[in-house]
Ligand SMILES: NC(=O)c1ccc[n+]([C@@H]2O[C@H](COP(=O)([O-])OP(=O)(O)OC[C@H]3O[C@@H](n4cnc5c(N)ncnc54)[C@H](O)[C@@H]3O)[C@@H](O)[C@H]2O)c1
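First comes one chain, alone, set out as structure tokens in the form predicted on its own.
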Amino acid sequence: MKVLVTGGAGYIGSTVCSALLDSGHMPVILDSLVTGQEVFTQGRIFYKGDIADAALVGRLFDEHPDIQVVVHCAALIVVPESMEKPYEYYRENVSKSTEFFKILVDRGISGVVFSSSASIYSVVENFKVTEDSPLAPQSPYARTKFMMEMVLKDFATAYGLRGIALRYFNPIGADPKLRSGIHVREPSHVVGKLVDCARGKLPKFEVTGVNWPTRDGSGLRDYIHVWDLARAHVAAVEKFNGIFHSKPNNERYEVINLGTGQGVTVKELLASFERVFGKALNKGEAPPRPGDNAGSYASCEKAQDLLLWKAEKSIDEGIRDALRWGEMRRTVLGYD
């Protein structure tokens, strides 16, 4: 199957492309390279440009009329940055994605797998959230994901699109074959910061927020290996038609959590990292970052039922792959 992957030169998008290739599918990448890396597209079908460029997207579909499903990963994703630059986040993540969805409608593309986020959930008493749990996005980034879920749902109702919103929890690690990994120079992801600290790029690792109502005061998250996340996209693409054939009343929109089903605190993750790394890190504590909350972890029953998927890789594997990728970043990207 041929699949368009927007943002396919980014951390998650490039890993999704690798998983599609490994499963016998053909990804077509559309990426502006504002944050993505062209090196991640080598040997793959790649179009450089903006998702809202109707002429470029039209040419892409003219040249690849057999594209059946679109995986929409393109977005700005840094929560603290979104607090400082809300205009850029609403422009890139909402305005341009809405234009892109309209292009898909006009081209007769009916299948969209959308990269959403668990950051849209409200904090619940036991921290475990199902797809029906209350929503309360706390940052412009999270609100852009919530808004685009609503846009996709409304487009599905009005225009005949079919959409699956995959709500990611917290991706860690790298492609196990080291074809790609975290590529930003100063990663905001917690494991990226841990790797930078371990490699001497940061003077210490700070646990941001230590007074949350969790078992040790630090934020609680569901850390999922990026390869497991990528496998879930393959499953969503492969089972896309079957999911909607089985839904009653011609429903055209679905939401699925992607996580491990296990809640891990930042302090527990830090302890796991030090064990895998084999050394203690210089560490400290700091106030929560803008947009942070106590956290949540996923109920994954729907993913198992609809996608026949579950996370397989452990936190230790994610840490090991992140450390391996950290050692070869300069070779692949030209910088540490």
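The first residue of the shown sequence is 1; numbering continues from there. What you are looking at is a predicted structure, and each value in this text was computed from that prediction instead of being measured.
The next section is about a form of this same protein that is not shown, the form predicted together with the named molecule.
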**OP:** Using the partner position in the model of the complex, report whether Gly36 sits within 4.5 Å of the named molecule, counting heavy atoms only.
**Re:** yes
Original post:
Any chance Ala9 has a heavy atom within 4.5 Å of the named molecule in the model of the complex?
Top reply: yes
**OP:** May I ask you to state whether Arg162 is within 4.5 Å of the named molecule in the model of the complex, using heavy atom distances?
**Re:** no
Original post:
Does Gly173 reach the named molecule in the model of the complex if we count a contact as any heavy atom within 4.5 Å?
Top reply: no
Original post:
With the named molecule left out of view, which of Arg179, Arg107, His189, Arg143 would have a heavy atom within 4.5 Å of it in the model of the complex?
Top reply: His189
Subject >> The unique member of Ser218, Ser139, Thr260, Ser117 whose heavy atoms fall within 4.5 Å of the named molecule in the model of the complex >> reply: Ser117
**OP:** Heavy atoms, 4.5 Å, the named molecule in the model of the complex: which of 193-201, 206-214, 108-116, 249-257 makes the cut? Say which one.
**Re:** 108-116
Original post:
Even though the named molecule is not shown here, does it sit in the model of the complex so that Pro27, Pro65 and Val71 each have a heavy atom within 4.5 Å?
Top reply: no
**OP:** Taking the named molecule as it sits in the model of the complex, which residues of 43-63 have a non-hydrogen atom within 4.5 Å of it? Please list them.
**Re:** Gly49, Asp50, Ile51
